[in-house]
Structure formats: structure tokens, C-alpha cells
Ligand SMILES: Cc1cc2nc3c(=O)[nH]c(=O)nc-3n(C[C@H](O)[C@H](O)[C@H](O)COP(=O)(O)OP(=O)(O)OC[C@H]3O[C@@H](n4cnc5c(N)ncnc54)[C@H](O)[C@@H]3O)c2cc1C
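Single chain ahead, by itself, as C-alpha cells, in the form predicted on its own.
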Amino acid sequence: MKLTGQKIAVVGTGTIGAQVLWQLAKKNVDVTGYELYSPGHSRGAAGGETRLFRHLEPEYVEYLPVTSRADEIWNELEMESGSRLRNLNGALMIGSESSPSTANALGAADRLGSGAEVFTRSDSQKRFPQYSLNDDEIAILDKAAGTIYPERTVRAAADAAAKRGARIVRECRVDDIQQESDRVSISTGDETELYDRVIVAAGAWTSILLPDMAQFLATRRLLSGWFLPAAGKGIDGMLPFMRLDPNYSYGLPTADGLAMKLGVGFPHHLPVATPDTAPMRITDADLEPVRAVAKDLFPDLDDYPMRAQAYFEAYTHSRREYMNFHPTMSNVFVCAGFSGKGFKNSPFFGELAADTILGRKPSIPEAQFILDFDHVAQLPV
């Protein structure tokens, strides 16, 4: 029997939305998901074959219990779906000894205890010779970190939700969301349906669907490049990594171990109005920041990518996720701006959104700061 008096919709079934859908279905809620394409597509923020799961936190150590809870739910989803969604063989965090981000990461490493190991530049060159660190850089090994398979994860969560009774409307564009008294209407083409509550997790489409959210979000096109090893070289033993400011970059080996995917941060992402009209062609100038990572950090890689792909994401001005009710529609809960922490913590964010829309407290009290964060105070003057 479905939870009495609750008919809920989730708009967007990608990185966060699929997790929300699964959590609501687990709670026996009458829930419907709306998806512009199909769960597991590569057009939004979840494409690219790999994402980084890590415990080390270079910015806000209050996320450590959030990641621990997400780790538990990851394991639950793998058991329920029967799919391997992560490969946790370790990951590196590389940073300048003088960087505040490195200091935060070292503090997180202390809290992880035996789960992390710190290497001087000299020691890291011996242990991880395929990474060419700068003279002032160190490396921290996050032993329980590794690779997430994003498209597989989104599909697994959506399928698990469907098996528990969730309805998923695929290849369907939501045209309008409006609160009418104590209910919320969702319009798609010539049809309109009413719900008690709506959760919007539409990623880079959020500002188009909810214009009042545009003030909080910056929509960007980001790139990944896949690099083969140079002639006579290989990438055996290379781990996923994150390099901290001021040389921020990240990378993960492909599942077959034949290439390394590299990416760079927000300053190099192209501002776009909407993914529907954004340019998809990638120029050599677009690739330069990613190629610079290969040239600087990886002497064993070819410096021209074998392929490159564009994706779309919405960032908040604070770079911290927006998880709160809509500014003017009290029955609409918005999940947006997750880039950087989204995929690794997505199972917990899904649980948090589901609990909040049902009027329940977070499963871990330490996570209340996410809901309480004041995004209005972060708006540009």
C-alpha cells in the first residue's frame, strides 16, 4: 500500500533525481519521475564513463559524515541492483604545501587515520612515478576512494525505483511547473497532472524550468578529454586523482585501463544559456586547458586527446549544492548545483531530499547544514 496522501513527482532522473526516485519508492511513496531523455543518458552532468569517489575533503570537512553515509547507501544500491557501481582501489589528492586546500585535505586525512597516507614529493615520485609533481606539491592517498561508473549508477537507481513501483515518464519534456494552492501542476505538452509535492533535480535545465532559480545558478558546458599513453608507455597502476588549487584538475583511468580521462575546473567552463542551444563542437582552443594538464602532470601520456566530449552542469555561486524549497513555491523542493561533490554523495542527497519532502529529519543530524545554507547571501552584488 502506498503512503497515504502523498503523490510526489521528481523532475529529472539523472545524478540526483534517480537517487531521489529510488529513496521515495523505498519509502512506499506514490512517485513519478519525468525524464527529458532516459535514465543513464550522457547529455547532462552524468556522462563520461567515470566519476571520482573520495573521502578526503579539501574545502569543507563537515562533508565527511555525509560521504560516510553516502558510502553506506552506495553499498545498498549495489546489493539491490546487482551491479558493480564503483571500483574502490584508491585515489590521490595532489596539492601545494602552501595551499589552504591542501591544509584542509591534510586535516581530513588525520580524521581518516589509517584510511589515508601522506607522501612527500620525493616519496610520491617513487611510489607514483607516472605523476610529475611540482617541487612544492605532496600527494595524499585516499585508500577507500576510487572510480564511480555514473551512467550505470543512474540507470541502476532508476531501475531499482521502478521495481519498487515508481513510474518513470521517459523522453518527456516538462514545460511548466506551477503551485496551485496546496498542489503543484506539471505540464508536458498537452497534458497537466497535479501532485502534492514536486522535487526538481533538472541539472543544467533547472533555470529554464524554474526561472526564479536563475539568480542562484550558473549554467556551464564542461569538457573531458581522453588521453592515450605515449608510444612505448602505459598507464598500468595509475590511480584516479584530484589536483587542488591553484592548479585544479582531475582524472580517472578508463575501465579498460587503456586511457586517462582528464578535466579542469569552473574557470575553464563555457557559460551557456541552456544545454538545448549550447555549442557542442569542441575546438582546439577549448582543449588547451585539458591538454595543459597532460603536458604538466603526465609525462607518459600523449598530449592530444583521442576523444573529447561536452557535458552540462549548473553551479551555485558558492559552489555548494542548493537543496531547499523554491523561493516562491513552498511545495517544490529544488536540488541543483552539485558539481564537485554531487556524484560521490548523490545517494545521500537523494535520501536527504526524500526525507525533507516527507517532513522527516536527515538520517544523520550533521547534514542539517546543507538545508540551512543561505544561498541568498552568496548572490552577486
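Residue positions are given as counts along the sequence shown, with the first one as 1. This is a predicted model, so every value here is computed, not measured.
The protein also exists as the form predicted together with the ligand; that form is not presented, and the subsequent description refers to it.
- For the candidate spot formed by 174, 203 and 209, every residue has a non-hydrogen atom within 4.5 angstroms of the ligand in the predicted complex.
- Proximity to the ligand in the predicted complex, defined as a heavy atom within 4.5 Å, singles out one entry of 29, 66, 36, 332, which is 36.
- Picking from 351 to 359, 323 to 331, 58 to 66, 43 to 51 the stretch near the ligand in the predicted complex, with a 4.5 Å limit on heavy atoms, gives 43 to 51.
- The closest heavy atom approach of residue 222 to the ligand in the predicted complex falls within 4.5 Å.
- Within 4.5 Å of some heavy atom of the ligand in the predicted complex lies at least one heavy atom of residue 15.
- Interface residue remark: residue 11 is counted as part of the site for the ligand in the predicted complex, having a heavy atom within 4.5 Å.
- For residue 227, no non-hydrogen atom is located within 4.5 Å of the ligand in the predicted complex, even though that partner is not displayed.
- Residues of 268 to 287 that come within 4.5 Å of the ligand in the predicted complex, judged by any heavy atom, do not exist; none qualify.
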